[in-house]
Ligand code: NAD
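Only one chain is shown below, in structure tokens, and it's the form predicted alone.
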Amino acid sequence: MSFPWSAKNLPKQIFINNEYVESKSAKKLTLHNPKNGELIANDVALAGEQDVDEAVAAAEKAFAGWKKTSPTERRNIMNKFADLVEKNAEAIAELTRISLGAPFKAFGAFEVGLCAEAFRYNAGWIDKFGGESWPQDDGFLKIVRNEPLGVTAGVVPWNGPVGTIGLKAAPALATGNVFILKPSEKTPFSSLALGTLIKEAGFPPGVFQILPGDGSTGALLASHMRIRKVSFTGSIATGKKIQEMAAKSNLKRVTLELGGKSPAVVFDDCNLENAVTWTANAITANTGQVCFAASRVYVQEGIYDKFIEKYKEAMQAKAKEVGDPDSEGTNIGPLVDEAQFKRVSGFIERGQQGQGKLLVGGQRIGDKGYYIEPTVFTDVDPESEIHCEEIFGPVSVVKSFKTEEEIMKLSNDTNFGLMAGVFTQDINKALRVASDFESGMVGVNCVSLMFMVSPFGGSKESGLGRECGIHALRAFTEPKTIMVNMNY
């Protein structure tokens, strides 16, 4: 089957029970192209209460069969889906690019590849995710099974609309759950296009469904009495609402991957070129619209001047990589939409009013679209909003420090705790600092990265639970203890 979707033929319907159907809701989503502000579509389905109920009913009907599907068959379906995603990578990435503005080589190819790899990785776990048992020395054999929850849902973010599908749907489906995907209202097309591949891969009807919509659709999923788990990636404010709705409904399980204001601590004894490269890449990847971007850079005073000089040069070089995401040589595209552009621009404008000193950037690029220069502030007030709040754009703050004790206190003085980085050639110092960070993930001589095999997620208000590795499988299963009386 050829992949039917493109920028000229957009998927706009909901995907229920392996069919594209019209939404019962009269509301529609409107989307614009961030590279020029032009209208893409104003008739994309927005799933309402009746649509959600129908998807849940279809999922419930499919659950028993999918749960009992043999490990080999389930694995083969998931691997075929991964192959299809990979085969159609450029077309899928194009459907993201028209509403996110992410260039293919710099981001689109990576993100689609992440989705495919997540399905392959989790498929490999299907017949290897064992339970536990304890001997019957006391007369009882104890067996623990990992059982699927049932109908589960994933609410994915606009900044990684395909990659995050793999992180949520793949472990859910691998462990025998059925899954409802809710893409972001800002980037729905690549998600919706996957319905064609879901059907071609051989997923039975009702097992893997897609409901486009906005926050109201997400609220319906989070509060639904027959959905057993919601995995959400997005803002802290929305994450708190989802947790509240989950608790007030049926106490459904929740995984939350939320925001960050990640520190990178650069010591005098670091490899300077390495530290500059990682920190510059970390704040400009995906135009800074990354939850674990290194947005706070702390540099020890002995190399501060050298670092600033090289960091400024790196950011000026990055500015030359900004451009039309459809062009071959572009590595950095626009911000996702007008609202995000105004948000980031507002932070930059207010930052120049006494919060810090503008080192580089800060200007809009061109007069069309939502392009902005990579921006750095120095001498930042640690109480200021540009130092404390997540900006979610290519904007970082740099501050000097003297002692390890001083900078660890400042690094941890935040409600965020997603990612951190330490740059030093002293392994003892590196491991000591890594241990002291109040953060779910720490990079040593690197920052702002993840791996499929190890847990991904944050501490404090940056999240709840973990994605990736065996931790994702545990998040979509319930342990059941079976006790066998051996003495009767």
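What you see is a predicted model; the values in this text were computed from it and never measured. Start at 1 and count along the sequence shown; that's the residue number.
The next section is about a form of this same protein that is not shown, the form predicted in complex with the named molecule.
Put simply, Arg296 is far from the named molecule in the predicted complex: not one heavy atom of it is within 4.5 Å. The closest heavy atom approach of Asp214 to the named molecule in the predicted complex falls within 4.5 Å. Interface residue remark: Gly166 is not counted as part of the site for the named molecule in the predicted complex, having no heavy atom within 4.5 Å. The named molecule is not drawn, but in the predicted complex it has a heavy atom within 4.5 Å of Pro157. Taken together, the three residues Pro334, Asp337 and Val360 all stay farther than 4.5 Å from the named molecule in the predicted complex, as judged by their closest heavy atom. Remark: of stretches 124 to 132, 403 to 411, 314 to 322, 256 to 264, the one touching the named molecule in the predicted complex is 256 to 264 (heavy atom within 4.5 Å). A heavy atom within 4.5 Å of the named molecule in the predicted complex is found for exactly one of Met245, Leu192, Ala201, Ile348: Met245. Contact with the named molecule in the predicted complex, judged by any heavy atom within 4.5 Å, is made by just one of Arg145, Lys310, Lys241, Lys87: Lys241. Contacts to the named molecule in the predicted complex (heavy atom within 4.5 Å) from stretch 284 to 314: Cys291 only.
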